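Here we start with a single chain on its own, the form predicted on its own, put down as structure tokens.
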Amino acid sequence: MPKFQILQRMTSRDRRDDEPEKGKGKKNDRDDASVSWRKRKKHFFVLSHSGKPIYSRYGAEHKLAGFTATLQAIISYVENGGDNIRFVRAGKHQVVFLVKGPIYLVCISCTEEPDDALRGQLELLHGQMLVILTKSIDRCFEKNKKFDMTPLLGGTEAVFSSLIHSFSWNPATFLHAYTCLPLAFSTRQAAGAILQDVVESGVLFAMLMCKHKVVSLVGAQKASLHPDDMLLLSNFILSTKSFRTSESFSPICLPRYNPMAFLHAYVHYLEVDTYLVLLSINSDDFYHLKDCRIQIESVLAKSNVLGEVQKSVLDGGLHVEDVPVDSSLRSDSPSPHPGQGRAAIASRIGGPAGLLHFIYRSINLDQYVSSELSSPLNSSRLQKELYRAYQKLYVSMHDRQIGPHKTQFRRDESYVLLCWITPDFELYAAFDPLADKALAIKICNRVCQWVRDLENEIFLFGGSPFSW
């Protein structure tokens, strides 16, 4: 079979959405000849520079050796011509390549996501590998070009699957910012004070998290923590079941902090979804970190921080219905635009003037806050569609060739999208497709003011510097 025929075969059939593999053991039954494998909308592959498969989102790696060899041949063919391959378009598919030394990463997608967004996802996928192995894995390939690193990733399938799934729902994957759990300022200060105490005892970073949201975070002086590292670290912890069953002490690499070396992470769940992470540079710090955890747990119990965290989880975050505006801007005001396309979304359910959702990113803090997803965005399909619309808007706003831009207004059959970027913040807002432009702009101003009024509750202030 000619080398490029395998890629062509993936473009010749209709695809299902990129839902995860279902059914125990099915992944091992899939190869590139499988109809169900070819119907997937979005594939991720990791292979070595010799073409040896390392990871595949769908299918069994050992059954995809021929396919990954084809990908390697394409990369090598372009490199031999003195160029670097970035992406290929094949029908409805985009094939995006990322070369990281001896490790090649490839995404084949027909989801219509921008090339830059897919490349950013490959960067995070590579970063997740470094969390587990560090960049020193490159030396193994220098010694042996046919080195097989697959056994070193054994048991981490859930980690990569969880990260790839987050590309469809977590704004942190393209905003490069983290989000905090809404809390009273005094509660967050109480948590930060005890974390500061243990950091001063020799801990590099202390993090109190609730799922992927930060409760409090403190770092040692002159130590910086990148939001991408926080994303990869929390994904690793949340998708590894063993962390939930007992206190754990594990080597972990933070690629943006130091890609060549391991830190040592003490992880302990304090509640069902609330966990403490203490990071040290010393491999023999387990008992010291354990003592720190006991001290932290005692203070948190006395100050009722954990109770407030659980209350915040139950209350949820910001809701578009609560944006404070006068009655003339509420969503039941008639829209001057005729209906078109998906009128169901324009059912006047949501916030003022048809506001459906928003994301506010503080540039100075590298933190973001987003409203809760609610009716009419109450299906996974609509939520994924909105998320990808935000992705496209973000890439468009930050396009280096024709931008960056300050504002953008888009209207299609699904949404009105508005983006506003200033030196202090970025705002991304989605309205129903019948929304009036002038009213939408007014509401965006109200959202920004509302966020500033609540900033002590929704952002983390006063921690150690996190510049990079």
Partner chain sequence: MFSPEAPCELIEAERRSYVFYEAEPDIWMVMVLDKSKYTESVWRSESLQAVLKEIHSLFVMFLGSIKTLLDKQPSGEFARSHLYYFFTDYLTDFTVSTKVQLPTFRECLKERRTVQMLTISRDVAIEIQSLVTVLGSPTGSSTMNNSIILFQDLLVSTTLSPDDTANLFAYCVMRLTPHALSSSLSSSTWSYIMKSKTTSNVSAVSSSPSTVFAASDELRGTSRDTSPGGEPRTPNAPRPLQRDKWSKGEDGYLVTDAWGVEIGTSLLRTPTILLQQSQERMYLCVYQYKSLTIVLLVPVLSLVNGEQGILLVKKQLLENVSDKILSIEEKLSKGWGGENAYHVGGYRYLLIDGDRNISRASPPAKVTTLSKDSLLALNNLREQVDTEKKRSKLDNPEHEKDFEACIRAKNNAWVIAKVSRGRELYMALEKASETLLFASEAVEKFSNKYCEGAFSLD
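Residue numbers count along the first chain shown, from 1. Note that this is a predicted model, so its numbers are computed, not measured.
Below: the form predicted in complex with its partner chain, not depicted.
- For the residues 306, 382, 313, 90, the 4.5 Å heavy atom test against its partner chain in the predicted complex is passed only by 90.
- Heavy atoms within 4.5 Å of its partner chain in the predicted complex map, among the stretches 103 to 111, 287 to 295, 189 to 197, 170 to 178, onto 103 to 111 alone.
- The three residues 163, 429 and 445 each lack any heavy atom within 4.5 Å of its partner chain in the predicted complex.
- Not displayed here, its partner chain is kept clear of residue 369 by more than 4.5 Å at the level of heavy atoms in the predicted complex.
- Interface residue remark: residue 61 is not counted as part of the site for its partner chain in the predicted complex, having no heavy atom within 4.5 Å.
- Although the partner is absent here, residue 151 lies well away from its partner chain in the predicted complex, with no heavy atom inside 4.5 Å.
- Taking the partner from the other structure, its partner chain in the predicted complex has no heavy atom within 4.5 Å of any heavy atom of residue 49.
- Along 61 to 95, residues 67, 78, 81, 82, 83, 84, 85, 86, 87, 88, 89, 90, 91, 92, 93 each place a heavy atom within 4.5 Å of its partner chain in the predicted complex.
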